Ligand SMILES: Nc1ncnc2c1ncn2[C@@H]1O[C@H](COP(=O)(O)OP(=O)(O)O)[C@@H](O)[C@H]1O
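Only one chain comes next, encoded as structure tokens, the form predicted alone.
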Amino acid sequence: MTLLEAVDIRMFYGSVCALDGVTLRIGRGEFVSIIGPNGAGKTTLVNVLTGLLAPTSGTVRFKGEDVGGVGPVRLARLGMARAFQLVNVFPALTVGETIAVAVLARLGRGARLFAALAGERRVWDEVRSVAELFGLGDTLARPARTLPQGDKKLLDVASAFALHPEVILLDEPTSGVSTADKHAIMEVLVQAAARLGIHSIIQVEHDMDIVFGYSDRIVALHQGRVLADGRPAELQANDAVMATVVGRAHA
């Protein structure tokens, strides 16, 4: 069952073509990684898929509904969320408050002050539940900006998961952390997705060990076009694709 599809997407910034006829489909139960060298169009594609940008031409559909340019808030209500690095957006919030932003957004009560919610057990029970899934249960009162980088990444992802999406899109969820922390983050992420009933995961990621270790499918972009779309073993066996996308053959 196709949950998300982009059909013949073209995106221009003035005379510059960032995406040139991109078509892809994400099915239920898939973990799909989007890869490519700098300038390949990955960020533009993510912004189009998550409703931040309306494509110049082509169609983006989520569960059969045209969602081109609808914005992340509307898309979250439909069931697709993106991690937005809330630690950087709201540096003064605690870990608990950062997750609560997402819970309140899902409940349609984002305008309510935190002080007025102090006694609302439902919200804070859910905040604690999500935090514990990501190993952050003991840090709820800690200022989010003081977390180690790996925990900041987990908090970003936890906030997106708190929206209870069917599909989640992660933009480099392991960037800036150690190799050991990268694998720990991915294990927590995959386990949390299974427990929360998230149907599909899409990630943009540069670390090829993570990409080939966790993906069901890999979409490789180059110069705004889909260069390859297949299972990890298929891309690994294609030296031309690996050399173009990664800059070397993948061992």
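All residue numbers are counted from 1 along the displayed sequence. What you are looking at is a predicted structure, and each value in this text was computed from that prediction instead of being measured.
There is also a form predicted together with this ligand; it is not shown, and the following applies to it.
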Residue contact check: Leu235 to this ligand in the predicted bound form, 4.5 Å heavy atom
no
So, Pro37 and this ligand: in the predicted bound form, are they within 4.5 Å at any heavy atom pair?
yes
My question is simply whether Gly41 lines the interface with this ligand in the predicted bound form - judged by any non-hydrogen atom within 4.5 Å.
yes
Using heavy atoms and a 4.5 Å limit, would one call Val22 a contact residue for this ligand in the predicted bound form?
no
Please identify, from 186-194, 42-50, 208-216, 55-63, the stretch that has a heavy atom within 4.5 Å of this ligand in the predicted bound form.
42-50
With the partner left out here, which residues of 4-24 have a non-hydrogen atom within 4.5 Å of this ligand in the predicted bound form?
Tyr13, Val16, Ala18
